[in-house]
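This document opens with one chain alone, in structure tokens, the form predicted on its own.
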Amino acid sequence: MPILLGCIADDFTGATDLANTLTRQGMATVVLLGVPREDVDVGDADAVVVALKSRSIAASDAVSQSLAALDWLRRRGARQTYFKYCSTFDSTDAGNIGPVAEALLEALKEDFTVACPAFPTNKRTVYQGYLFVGDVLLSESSMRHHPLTPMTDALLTRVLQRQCKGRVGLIDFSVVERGRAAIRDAMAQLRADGVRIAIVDALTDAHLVAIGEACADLKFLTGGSGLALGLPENFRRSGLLRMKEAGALPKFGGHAAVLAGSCSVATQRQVAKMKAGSNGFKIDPIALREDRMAVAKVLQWARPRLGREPVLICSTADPATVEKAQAALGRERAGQLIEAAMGEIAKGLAGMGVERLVVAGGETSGAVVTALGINGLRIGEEIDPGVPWTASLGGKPLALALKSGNFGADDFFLKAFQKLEAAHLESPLSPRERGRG
């Protein structure tokens, strides 16, 4: 059966965030990790999210991977294509949002789309083209210190124009506030004026629903997970979609662990909250470079602690510590060392009976699921806005919560395991589902 919505996410946590939104709106959604093989079976999924690890790689590589994902989705009959990036518009002046969006537009032979990263539930809003995080401009938030994609400009029209060959425009709040018809008229006018991508203001979920409704006839659109709020209803109005309940996940009784690679302010608070009741283990890239046994020492520390409570292993650090490591190793090398170590640690923990795993940070999540050989994810109950529990498809059966560094309340790590335990979990994955992907 052809899928209705084909999605391409630029990191793994963003993919589960988007899949969570679609699932809650009644779309059966599967996340596939990496460009899928030709023989992947997604069953009766209404939406498929292809999760790439393309946010921080070279723009040309991001474009190549995204086009490969698009080709797979088109062969599955996707009626609409969605490029999902972070609600904080993580990118540099070289990309990768603009280059990927323009490449996908060209491949689809389309001349216009929208860009709306707003996610009001998590306090990301866009007004007059400026992106706010809570009450401050993006450029004044902790994102200005991001180790890979420091965001020092909050005006999205300007940020995106630096990345794009075509013209970038704006559909501002005064238009969005008037609803679907006004937004659709504004899109038509911008298209006639030669604008290729329009940033769209949004302050509330109602705005996102109206924008989604206005985009019903667009073959391609881009945004954060919030914009997906209005898309399932378009298919429902067309008679293509019936409301579905999110499937229950199987019961996982093994050990529990948290791997935190993000250095965001939110993750720093979450690590501090969890460490208040647990010693935890702190790793840093300089130690990883100098000690070939560093990963083995982490696993040796974890082994006797498994089963008592969730173990915490983190590389989370404040901006000054991050800058020191990057000065010593280089920005890319520091990140690579952490990602490789987290992947190996995850494999070791799984071998010691860990079945419930929370991972913080998009790059860390990508490294972990790749190391574990996981091909896809089945979406379960939401823990905090934008972060669901999932069950692995392919590889060792695991319960996974892949959290964007910026998401979640201070008690997220502790709450996640409590919520999984309290959920009404029934039947395990069938052998077919375990092998899917």
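What we label the rigid core is the largest C-alpha set whose atoms superpose within 1.5 Å from one form to the other. Just so you know, these numbers come straight off a predicted model, no measurement behind them. Numbers follow the displayed sequence, beginning with 1.
The discussion below concerns the form predicted together with adenosine-5'-diphosphate, not included here.
Note on the interface: of 218-226, 259-267, 146-154, 301-309, the segment with non-hydrogen atoms within 4.5 angstroms of adenosine-5'-diphosphate in the model of the complex is 259-267.
Here the marked residues Ser315, Ala334 and Gly405 all reach adenosine-5'-diphosphate in the model of the complex, each with a heavy atom within 4.5 angstroms.
In the model of the complex, adenosine-5'-diphosphate sits beyond 4.5 Å of every heavy atom of Cys86. Residue contact with adenosine-5'-diphosphate in the model of the complex: Asp201 places no heavy atom within 4.5 Å of it.
Put simply, Asp90 is far from adenosine-5'-diphosphate in the model of the complex: not one heavy atom of it is within 4.5 Å. Under a 4.5 angstroms non-hydrogen atom cutoff, adenosine-5'-diphosphate in the model of the complex has Pro285 among its neighbouring residues.
Shown without its partner, this chain lists Ile345, Ala214, Ala325, Val114 as candidates; in the model of the complex, only Ala325 has a non-hydrogen atom within 4.5 angstroms of adenosine-5'-diphosphate.
Shown here without adenosine-5'-diphosphate, the chain has Gly361, Gly362, Glu363, Thr364 in 350-380 lying with a heavy atom within 4.5 Å of that partner in the model of the complex. The rigid-core alignment places the CA of Val126 less than 2 Å apart between this form and the one not shown. The two forms, fitted on the rigid core, differ between this form and the one not shown by 2 Å or more at the CA of Pro319. Leu208 is not among the residues whose C-alpha shifts by 2 Å or more between this form and the one not shown once the rigid core is aligned; its shift stays under 2 Å.
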